[in-house]
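There is one chain below, alone, in structure tokens, taken in the form predicted on its own.
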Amino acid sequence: MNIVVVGLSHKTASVDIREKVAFAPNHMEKPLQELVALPDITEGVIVSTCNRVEIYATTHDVAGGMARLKRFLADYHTIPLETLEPHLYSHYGEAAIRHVFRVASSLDSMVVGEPQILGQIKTSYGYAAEFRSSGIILNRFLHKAFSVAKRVRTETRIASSAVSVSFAAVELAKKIFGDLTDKTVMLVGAGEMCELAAKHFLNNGVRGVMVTNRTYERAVRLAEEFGGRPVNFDDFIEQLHKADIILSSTGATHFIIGARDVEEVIRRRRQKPMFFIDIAVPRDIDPKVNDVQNVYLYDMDDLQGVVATNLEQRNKEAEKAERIIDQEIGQFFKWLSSLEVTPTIVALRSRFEEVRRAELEKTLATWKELPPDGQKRLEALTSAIVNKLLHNPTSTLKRTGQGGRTDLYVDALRQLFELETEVPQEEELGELEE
């Protein structure tokens, strides 16, 4: 049995193509049932996010299976295959395993180390489990992918530093203030990036939010969203002393906060530190503000410099993650290969022979008067019993090896007779790993 992957992502397709092949998250039963109804596709999982659409499947026929999956994607979304195919990639065997492990570990994401993709794959697997399109192989495969992703996050620092401008602002504020729970943020203007940064600050426990905007109604709406209070734009300089962190993002063509303004504010605050984040272009805050004692000013270039440094650090951590994935691929591929018929028959005979010989030796050790001829007959008798017992299982395995769900029989035998002790067991299949 082979694992295959067919799909597209932000690396191979524009958003207009990706949205055409996306699957609605609350309507997965129909596509999953149609997927596993395809000839020689025995198991299937569909992963659909804003940045990728991928199908993970099992098949005996690699080339035919991947062709059917491509046709399925095109037909299901009524897109000509010749239009869709240039954007598709496909993997099988070890390459497919590596690809899914990398995706789950966020090494293939638009932003390396982002945590969302793992949750999205778990959700996709949940649909497959609910609608019974996954089976022994994909169950175990995806649980292994989850554990690999967890190991990557535990053993590397791939997700430990900010790689967005808005979150970099929070990271810098923590370095300046430490605990943010007693701090107040003021939004000057209400641009999208400023709003996003405010959400990050709230998630990190800031005490309050003040919002000012040239359009007062906009300030009121945003203040309500954040549970804060609006400030009239004409009066915001008078209110600055109440804020510890100021995020500014207006469309002004000149500085709206000057060095003298901040000198007066810091005096009213009795030199308590302030952090100004100017994410406007052109800038809202005079760079001379940074010369005021106990005031810290960062603009877009500063924040992007922090992001670039953090991205470089993440890329170094990604190299460690790739080595982890190399180790895990070998372990999973060993288990997958064990589902083939011949190694299972050999392992089963070896286990029965081991038991037969151990019991025979115990018997002979206490039956001293048994003559050599009797020992040979006893040896022949026990061998014949083992051969008779193994005849039907062996014949059945050989027959199913020519078609059908061989893996069902193989996996059952390996578990019943403990034939895979050299391959560690995965987490229980009934519960997704958190």
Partner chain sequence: MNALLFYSTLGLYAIATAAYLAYLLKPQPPLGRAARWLITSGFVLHALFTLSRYLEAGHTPITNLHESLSFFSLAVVGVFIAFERRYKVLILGSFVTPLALLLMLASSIYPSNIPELPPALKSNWLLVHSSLAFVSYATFAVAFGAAIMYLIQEHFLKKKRLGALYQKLPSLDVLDEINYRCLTFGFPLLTIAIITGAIWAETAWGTYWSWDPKETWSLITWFIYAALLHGRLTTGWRGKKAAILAIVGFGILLFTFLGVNLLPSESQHSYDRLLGGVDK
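What you see is a predicted model, and the numbers here were worked out from it, not measured in a lab. We call the rigid core whatever largest set of C-alpha positions still superposes within 1.5 Å between the two forms. Residue numbers count along the first chain shown, from 1.
Note that the form predicted in complex with the partner chain isn't included here; everything after this is about it.
Proximity of residue 356 to the partner chain in the predicted complex: non-hydrogen atoms within 4.5 Å are absent; the residue sits far from the partner.
When contacts are judged by a 4.5 Å heavy atom cut-off, residue 343 does not count as touching the partner chain in the predicted complex. Contact check for residue 178: a heavy atom falls within 4.5 Å of the partner chain in the predicted complex. For residue 363, no non-hydrogen atom is located within 4.5 Å of the partner chain in the predicted complex, even though that partner is not displayed. Residue heavy atoms within 4.5 Å of the partner chain in the predicted complex occur in exactly one stretch of 202-210, 109-117, 287-295, 215-223, and that stretch is 287-295. Contact annotation: of the candidates 254, 272, 132, 260, the single residue with a non-hydrogen atom within 4.5 angstroms of the partner chain in the predicted complex is 272.
The partner is absent here, but in the predicted complex a heavy atom of 172, alone among 347, 336, 84, 172, sits within 4.5 Å of the partner chain. Contacts to the partner chain in the predicted complex (heavy atom within 4.5 Å) from stretch 205-223: none. Annotation: Cα of residue 313 displaced by less than 2 Å between the shown form and the other one, core superposition. Core-superposed comparison between the shown form and the other one: the Cα of residue 121 travels less than 2 Å. After superposition on the rigid core, displacement of the C-alpha of residue 283 between the shown form and the other one amounts to 2 Å or more.
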